[in-house]
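First, one chain by itself: the form predicted alone, in structure tokens.
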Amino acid sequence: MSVTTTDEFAPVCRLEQLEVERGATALVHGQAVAVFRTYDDTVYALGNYDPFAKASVLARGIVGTRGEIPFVASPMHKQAFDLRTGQCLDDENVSVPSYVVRVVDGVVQVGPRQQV
């Protein structure tokens, strides 16, 4: 098995193609990434794999907020993950990868994994 890391940004889709408060899955640098657009047009990207359910389902999760924290709740067991960092809000020992996202000329681009 080889691991490829890159600092490059990969175009995923146009911003208007992402439904607000719904997730979409993209293959970025060989990783399944869940991409979310919130009501304020902020775009987030997390690893799509739910470590509790052991399934790639986070893109199908429910988007919401806890206080000021935007999150996605897994559709399987409902654990919530901070969209900004990937940290699980229900278990501080668990997190999923989060990725740098930018929108350039209306195109959503996912970049490298963020360091928390």
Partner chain sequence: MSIRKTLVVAGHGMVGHRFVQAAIERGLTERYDIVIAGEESRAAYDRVALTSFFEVGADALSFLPEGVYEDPRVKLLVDTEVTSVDRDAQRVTFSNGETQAYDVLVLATGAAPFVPPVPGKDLENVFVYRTIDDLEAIREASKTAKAGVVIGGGLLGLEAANALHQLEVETHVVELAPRLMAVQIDDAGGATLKRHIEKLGLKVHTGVMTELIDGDDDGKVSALKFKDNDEPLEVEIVVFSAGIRPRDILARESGLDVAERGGILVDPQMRTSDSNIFAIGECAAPEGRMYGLVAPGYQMAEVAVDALLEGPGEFTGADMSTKLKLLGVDVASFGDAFATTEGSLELVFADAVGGVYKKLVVNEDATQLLGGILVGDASAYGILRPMVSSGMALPENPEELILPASRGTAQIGMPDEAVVCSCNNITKGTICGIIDEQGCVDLPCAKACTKAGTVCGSCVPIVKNLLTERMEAAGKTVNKAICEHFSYSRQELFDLVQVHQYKRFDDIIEAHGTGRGCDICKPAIASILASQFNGHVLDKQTTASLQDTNDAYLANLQKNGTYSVVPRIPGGEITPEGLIVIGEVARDFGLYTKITGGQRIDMFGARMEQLPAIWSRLVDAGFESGHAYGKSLRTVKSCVGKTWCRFGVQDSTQLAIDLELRYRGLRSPHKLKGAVSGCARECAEARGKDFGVIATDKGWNLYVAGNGGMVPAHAQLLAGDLDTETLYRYLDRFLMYYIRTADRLQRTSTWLAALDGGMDRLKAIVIDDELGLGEELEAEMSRHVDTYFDEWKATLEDPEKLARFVSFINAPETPDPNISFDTERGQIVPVNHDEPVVLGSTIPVGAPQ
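Residue numbers count along the first chain shown, from 1. Computed from a predicted structure; not experimentally measured.
What comes next is about the form predicted in complex with its partner chain, which is not displayed.
For Cys88, no non-hydrogen atom is located within 4.5 Å of its partner chain in the predicted bound form, even though that partner is not displayed. Remark: Val103 does not count among the residues lining its partner chain in the predicted bound form, judged by a heavy atom distance of 4.5 Å or less. In the predicted bound form, its partner chain lies farther than 4.5 Å from every heavy atom of Thr42. Using a 4.5 angstroms limit between non-hydrogen atoms, Phe71 touches its partner chain in the predicted bound form. Annotation for 12-39: interface residues with its partner chain in the predicted bound form are Val12, Cys13, Arg14, Gln17, Leu18, Glu19, Val20, Glu21, Arg22, Ala24, Thr25, Ala26, Leu27, His29, Gly30, Gln31, Ala32, Tyr39 [heavy atom within 4.5 Å].
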